[in-house]
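In the block that follows, a single chain appears as structure tokens, in the form predicted on its own.
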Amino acid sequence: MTNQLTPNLDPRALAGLLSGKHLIDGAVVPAASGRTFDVVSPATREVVAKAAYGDATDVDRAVSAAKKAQVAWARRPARERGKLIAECGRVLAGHVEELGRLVALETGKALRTESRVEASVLADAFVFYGGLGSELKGETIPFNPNMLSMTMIEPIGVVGAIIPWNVPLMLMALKIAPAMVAGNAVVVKSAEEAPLAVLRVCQILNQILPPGVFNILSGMGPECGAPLVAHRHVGKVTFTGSVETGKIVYKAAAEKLIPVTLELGGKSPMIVMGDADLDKAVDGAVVGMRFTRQGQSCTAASRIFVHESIHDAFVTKLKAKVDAMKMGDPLDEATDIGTIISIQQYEKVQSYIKIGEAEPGAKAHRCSKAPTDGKLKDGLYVQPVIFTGLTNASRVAREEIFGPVTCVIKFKDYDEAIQAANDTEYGLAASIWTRDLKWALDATRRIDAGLVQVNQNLVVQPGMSYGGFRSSGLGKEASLEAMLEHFTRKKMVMVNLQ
């Protein structure tokens, strides 16, 4: 690439240019072993690039570079670091189309409804956190008039970030932007299924940031992710992914007694009361279930509790809405819904649909139509499924599927709905739909989830405090508190004035 800051709008060509590389200490380099693995476009099942197969040697190179760079980076005034991060956001804003196309190619997410939007939020997150440098401040404490007692806020050092494939750009930004503003250097381990767009971001930003402050590796969890968590110079780990892997990360970090942020799974309830605006609630279910993302979201409204008085009308309207959505080529502007990320995930989703269909009284309402022509006929498309006739005890209603499958469950009274909403191991997100202010405010208190919305199902945005309870994880992201509480340490200083 002659000019790395010039957007490349051909995603396949760009994928080839990024093929087989890490970015360590400001330079794109192959894996130390020379090994690579395939990056497959789920819409056509074609290999579109190779990714560097990282291992412990690559991890050590990246962490060593980050450790060295972090010393000088931390010495910069916080506002100066913030200005550089904000500048990163402004530069990324000029790459929205490029990054959106690359995400669509490697993940199968529709460009218009998902990937371009995600690339915009990426840029916004850097601008948001860039303005928070001034908030990295301590406090004076009136402990004794003969002592100057104060606290100092310091960076942790090197942060290891492990990111998922479903929203790779946004979730990476919500980890690395606050970490870097706080004075840390970062080493990111990308998702095996989606290593390209995040590598391109790293390449762009290394034209602005000092070498070594932002490094990125690709590879598998055991060979690359595990050594990153275990590395002796990594002082903080932030992870987004499955509950099972999150527990492994947590245990490994506990061996070193280092702090961890975990954003894990969800089985988010949506409660629709009988007095709700039906049309708005149906629109909220379409957005909340993330059908345009094939339901591949931790916050997906995969359990929709609807009052019996409007249940049938709700299901009819919801099915009609989803039926009207077009499944197709993720890079086509006409496409609403793209694909599942991988054959493994595709098979998992299909297995849950079969489990639901086998339950007595269940009905699977299949929506939209998968493409049947050209290369797309072999793509990983799953028709969205709306289940009725299941209870909250069903495996489909209890286990995270991470696909376009939701259950619409009938209820009679408000207390019953609240109890059912909380009957889960997760506690990430929830919503209630009602015109009754008492019900609305009471639900925000009683629902056991880290993010509760009333009459809306917005996706996570910079400035919102985001994080779950119980099996949904530990800590917060996307907010000022995420930077102050999770990427800094506090030092107490006492000076005797006598």
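Numbers for residues come from their place in the sequence shown, where the first is 1. All of these numbers come straight from a predicted model, not from anything done at the bench.
The protein also exists as the form predicted together with a small molecule; that form is not presented, and the subsequent description refers to it.
Asks: Is residue 191 close to the small molecule in the predicted bound form, meaning a heavy atom pair under 4.5 Å apart or at it?
Replies: Yes, residue 191 lies within 4.5 Å of the small molecule in the predicted bound form.
Asks: Taking the shortest heavy atom distance, is residue 221 within 4.5 Å of the small molecule in the predicted bound form?
Replies: Flag for residue 221 set to yes.
Asks: Please run the contact check for residue 335 against the small molecule in the predicted bound form: heavy atoms, 4.5 angstroms, yes or no?
Replies: Judged by the heavy-atom cut-off of 4.5 Å, residue 335 is well away from the small molecule in the predicted bound form.
Asks: Hey, in the predicted bound form, does residue 183 get a heavy atom within 4.5 angstroms of the small molecule?
Replies: Contact check for residue 183: no, nothing within 4.5 Å of the small molecule in the predicted bound form.
Asks: Of 105, 264, 197, 125, which residue is found within 4.5 angstroms of the small molecule in the predicted bound form when only non-hydrogen atoms are counted?
Replies: Of 105, 264, 197, 125, the residue with a heavy atom within 4.5 Å of the small molecule in the predicted bound form is 264.
Asks: Would you kindly say which of 118, 400, 98, 329 lies with a heavy atom within 4.5 Å of the small molecule in the predicted bound form?
Replies: Of the candidates 118, 400, 98, 329, 400 is the one lying within 4.5 Å of the small molecule in the predicted bound form.
Asks: Going by heavy atoms within 4.5 Å, which of 356-364, 131-139, 271-279, 221-229 lines up against the small molecule in the predicted bound form?
Replies: Every other range fails; the passing one is 221-229.
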